[in-house]
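Below, in structure tokens: the form predicted alone, a single chain.
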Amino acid sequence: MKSTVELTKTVKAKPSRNGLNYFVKTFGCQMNEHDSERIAGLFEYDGMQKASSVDEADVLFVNTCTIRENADDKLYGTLGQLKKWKGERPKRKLLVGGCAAQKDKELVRQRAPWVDVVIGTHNLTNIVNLLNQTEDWGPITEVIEEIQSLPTDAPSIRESEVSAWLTIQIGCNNSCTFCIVPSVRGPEISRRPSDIVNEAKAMVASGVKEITLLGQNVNSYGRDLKINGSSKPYFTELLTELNEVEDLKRIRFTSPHPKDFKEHTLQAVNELSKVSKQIHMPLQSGSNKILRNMQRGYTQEKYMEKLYLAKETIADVSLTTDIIVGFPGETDKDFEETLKVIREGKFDAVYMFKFSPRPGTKANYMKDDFVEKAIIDSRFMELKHLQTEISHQRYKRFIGTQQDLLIEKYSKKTDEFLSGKIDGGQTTHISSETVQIGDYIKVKITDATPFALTAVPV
């Protein structure tokens, strides 16, 4: 096996990759998806073209996730399969980046020595330079602990023509005991408001109609910028500025933290015409004991105060949340407290996860309190059945109403339908005979399942 180079070295001449095909395979969250768009942009700027599949690619970038144990299992299973892929053509290049690479660079090298480049989350803009260096130096690992530059400096190739991610902040200053993000993404760093607004304008000029603001803790945006002169939260001010961007139709944001929701921000969501009336408020657990052990910074009572404030402030708000089932020490009584919040909260959707111990987190050392897998599975299914019933009731409220729908893509199941989202974020299907991708139209909702709506044009 060739030796692994740990530091960046100067390459004598850049190899030409004009005409070569690349493919980016992404695991994980919206931040990873957005990073992958930047990687695609850098590859195309370097002269490569997007392949239609992994099999047709000359260069393959695997963007990894490490938020749960099954993400790691999926990664190493994928890398094992790609050994054969790489061997089929001697000049193929395999690159691995993202959170798993940031956390476990040595393990990636050990388990998949055929990988050409291992790169972390903090220096993705150096990917083409590292790819060049493999020609002279063989396999390279470059995982740095501090970010060199905001990744938004890189060009992006978006999957959608009409909707786009817009990173406003990276990193996280919280210390949730189950979360690996602060270790792999670093502390909070906010972009300057003018840079964000200018990027939004450029996106709109290229045809984008909806932007989703991204941050690990998006509603804490701006605290590190030390901007003076406003009594409102920096995030509220940013929403107000973006609402004035001409021809932009809709603004979303994810993922916020309940403790950082301010009344000013909720009022802005209600009053600003382009901001979606959708609030994602991650709960994680309804038990005060578990919330304390998670180090979430709020109690069930404080959470419900924020939730009811959102309902009182924003007309017909669509609410979603996250739940972790089976956190160490969770008893039947603790789980019942979670179900209580789910029943009272009446969320449109709940994103459910089974607890997975992650090396590098405090929860990983709570082994004496780990909950049996069978119990976790049973609780997960109980939560799923309860929320499916609630979601169906919540979605039914739209039947017969008129909604604004942005058409984004073809349905996954058939070309006979296109799909998009209404203001509240609910996926909505409509016949492809009457509309096309990019339309922002008024529709009438005709049917609802617990997971999607059906509509016809008005």
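These figures come from a predicted structure and were not determined experimentally. Don't overthink the numbering: it's just position in the shown sequence, from 1.
Although it is not shown, the form predicted in complex with a small molecule is what the next lines describe.
Only one of Asn293, Asn126, Ser255, Ser318 lies close to the small molecule in the predicted bound form, with a heavy atom inside 4.5 Å, and it is Ser255. Listed residues Thr167, Thr338, Gln216, Gln278 were compared with the small molecule in the predicted bound form; Gln216 is the one with a heavy atom within 4.5 Å.
Stretch 177-185 is the answer when you ask which of 177-185, 233-241, 302-310, 78-86 has residues with heavy atoms within 4.5 Å of the small molecule in the predicted bound form. Contact between Pro282 and the small molecule in the predicted bound form is found at the 4.5 Å heavy atom cutoff.
Under a 4.5 angstroms non-hydrogen atom cutoff, the small molecule in the predicted bound form lacks Tyr221 among its neighbouring residues. Under a 4.5 angstroms non-hydrogen atom cutoff, the small molecule in the predicted bound form has Asp322 among its neighbouring residues. Of the heavy atoms in Arg158, none are within 4.5 Å of the small molecule in the predicted bound form.
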